[in-house]
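The chain below stands alone, shown as structure tokens; this is the form predicted alone.
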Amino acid sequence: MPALTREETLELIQEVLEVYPEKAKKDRAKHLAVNDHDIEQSKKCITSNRKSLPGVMTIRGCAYAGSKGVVWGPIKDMIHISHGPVGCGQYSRAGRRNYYVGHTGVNTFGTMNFTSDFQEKDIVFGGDKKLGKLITELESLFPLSKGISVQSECPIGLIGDDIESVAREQAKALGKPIVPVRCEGFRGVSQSLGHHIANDAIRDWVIGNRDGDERFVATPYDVAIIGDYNIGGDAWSSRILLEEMGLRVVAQWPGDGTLAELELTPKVKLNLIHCYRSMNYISRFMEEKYGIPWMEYNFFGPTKIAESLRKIAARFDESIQAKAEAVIARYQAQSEAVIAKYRPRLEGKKVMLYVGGLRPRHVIGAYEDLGMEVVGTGYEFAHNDDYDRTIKEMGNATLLYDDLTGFELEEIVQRIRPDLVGSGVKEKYLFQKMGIPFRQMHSWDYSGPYHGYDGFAIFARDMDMTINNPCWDKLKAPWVKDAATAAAALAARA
């Protein structure tokens, strides 16, 4: 299907909104837009970071998910307590495939579920004493842990547990950091506030712990990777390139990250942010307090990798710049071979994305390297500065959307009929049942890495394997089958 014109895209938006009552239609119209390169600020065309409408099926998460599941959870040598009922901790455990090196249960704890397991009596009488006892028991069971974070679930904010007091008492008794995080799920409009709260907890309880430590020997080439969650090994693929160009990665977090790396980050010369949405807060703080500059980078696809390597190298001397060019040249033949193999099979295929964090804009370049076109993209929990960065990445007159409801996403996909949908696990099985190729782009559908030159080869293979799988032509949605069966039965009776 050819790309929609601006008029056709506007007409599509109006058709999708037609089902809503007038008040809901007016609100949701602010979250659907046609891309326009002439607009410098996205707030002139799309609204974001607003509360979801009650009664619609939003695909967002909560503040607890943003803190525990994204920012704190991958820090591997700390124990992260889900303070509240057992369900939130169990749901957030090991779901994002944040790979790490270590011995689980000995010196790494990322895939384990630690919970205070609130019961009715804890709601009535409070959970402070229970939390203190739990921390003491964890210290005896896992003495090699470097610290503990307390991730508050919804009941904690409602009953007023003083987790800060417990944290201070236990930190003094155990001699290791205990970090209270006020990330109750009901706070904010989405998981985005959870990222901010988690960043603030790092700022207040971790950053600065080694400010007076003179044992660290600095070099002019020290950098930190911030906001790479090492999904399927992404951070490892990225780190290889940075080290090959002569930089020293002092800290890498949260994916495969440690408490010590968080504490050492203020000693680097440049902070490199992969996921802007979740980690810009702490990077801005370090710029203000320590004078450390920060920049975004994009390691999806050879075009963006080369562009990012050159931008990073420009912050350093000529030797680093020369090594960056050598790295790009070293991988050029590999990238060309991947493109030569897969581009003929993917050329002209159209993609719709609806994901969180950085992916709705960062992966566009990787698809374009394969000759594919992103015809619609949007975020679950973006702010307007995310859309400001997206406008120039998208083709003119393509579809932008924010906080799509389940209904809107289904309707738009059915009308556009893209060759591939990239979204989350909650959407995956609906579109597969519809016979539309789908990739789960939150955690790479059990594959990866997708970052770096090595990751691009896996990315290209996965897209080809998904789109060109012969199964899609043989699938028919169950509800379509049922309707056909019912119609045939009625016709037979008539």
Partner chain sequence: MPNVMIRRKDSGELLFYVAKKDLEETIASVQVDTALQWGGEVALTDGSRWYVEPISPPPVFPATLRFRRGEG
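Numbering follows the first chain given and starts at 1. None of these values were measured; they are calculated from a predicted model.
Beyond the structure shown, there is the form predicted in complex with its partner chain, which is absent from this document and is the topic of what follows.
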Only one of 433-441, 38-46, 453-461, 61-69 sits within 4.5 Å of its partner chain in the predicted complex by heavy atom distance, namely 38-46
Which one of Gln321, Asn209, Asn384, Thr111 is close to its partner chain in the predicted complex, taking close to mean a heavy atom within 4.5 Å?
Asn384
Contact residue in the predicted complex, from Asp213, Glu287, Glu137, Asp317 (heavy atom within 4.5 Å of its partner chain):
Glu287
In the predicted complex, is there a heavy atom of its partner chain that lies within 4.5 Å of any heavy atom of His196, even though the partner is absent here?
yes
Counting only non-hydrogen atoms and a 4.5 angstroms cut-off, does Tyr281 reach its partner chain in the predicted complex?
yes
Answer with yes or no whether Arg182 is in contact with its partner chain in the predicted complex, where contact means some heavy atom within 4.5 Å.
no
Classify Tyr401 as contacting or not contacting its partner chain in the predicted complex by the rule of any non-hydrogen atom within 4.5 angstroms, answering yes or no.
no
